[in-house]
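Heads up, the chain below is alone and in the form predicted alone; it's given as structure tokens.
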């Protein structure tokens, strides 16, 4: 019993010594306005985006996907998905990867690229046709930014004009915006993501902030154009909230071009036939009295026989 008492007394004395050695932090009663505000160091925004694609995409689309992964430190990667699989399987993949946002590139006919942006698992989700793709390595632009830095998101004022643009704006903010104090992000901002609406399409650009005073920018890349097709209530499916009436599918566009070429050929054939019909058998006028004084020889008479 005596040994146990001695041990408990020794532990109590060591704890008292540790408490005395620690300096007590006393807050000031008056805070000056020039004093720096303490930043929140806890990572509260747990947004994670899964970025991957289907099989059969082109090299340009693959480079665009890799550029988005480098620019978004809160993104995660996944191997390519088979084109035969249904889209709702992506919700299960996001759940396994612990992601609540998804950017999925879907390639068709090795020339058409579709982009899905979804809020997993309850939605909404939007499907776009990707046009005019230019990657960072292709453009050779002068801008540059640190890897992992948080971007500023700049939206056109037209995003507040109609409800479907407002919904897409909120979806882009939650997907492309890097959460504050993310472990893989840098604690400063040196580039801007701009989303602008023109010709019923969304134009994406990435700029570097050169100087904060005059607001000079330099484009980094990548750049692409999103043509909205549909907005669904669920994740990768569900009820249709919006359908773009100005959208023309790539198949219809290529079919129209072929029809124009076929119409050109048919018009040429019709023009030739009309020219033949209009062409007279005799190209100049003849006077029948000119043959009165022509003498017929015996050879001409025999030839007629």
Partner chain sequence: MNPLIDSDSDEEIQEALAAGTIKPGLVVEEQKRDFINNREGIKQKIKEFSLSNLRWIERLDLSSKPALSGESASNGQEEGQSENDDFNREMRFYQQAQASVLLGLKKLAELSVSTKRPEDYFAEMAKSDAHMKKVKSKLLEKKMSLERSEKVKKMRELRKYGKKVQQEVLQQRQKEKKAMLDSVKKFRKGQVDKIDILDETIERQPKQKQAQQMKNGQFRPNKKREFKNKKFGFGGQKKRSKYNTAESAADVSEFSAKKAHGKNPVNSSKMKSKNKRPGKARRNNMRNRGKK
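Numbering follows the first chain given and starts at 1. All values reported here derive from a predicted model rather than from experimental measurement.
Another form, the form predicted together with the partner chain, is not on view; read the next lines as being about it.
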Would you point out which of 89-97, 106-114, 193-201, 73-81 contains residues with a non-hydrogen atom within 4.5 Å of the partner chain in the predicted complex? 193-201
Does residue 243 reach the partner chain in the predicted complex if we count a contact as any heavy atom within 4.5 Å? yes
Any of the heavy atoms of residue 163 lying within 4.5 Å of the partner chain in the predicted complex? yes
Within a 4.5 Å heavy atom cut-off, is residue 187 in contact with the partner chain in the predicted complex? yes
Report yes if any heavy atom of residue 47 sits within 4.5 Å of a heavy atom of the partner chain in the predicted complex; otherwise report no. yes
Residues in 134-155 close to the partner chain in the predicted complex, defined by a heavy atom within 4.5 Å, in order: 136, 137, 138, 139, 141, 142, 143, 144, 145, 146, 147, 150, 151, 152, 153, 154, 155
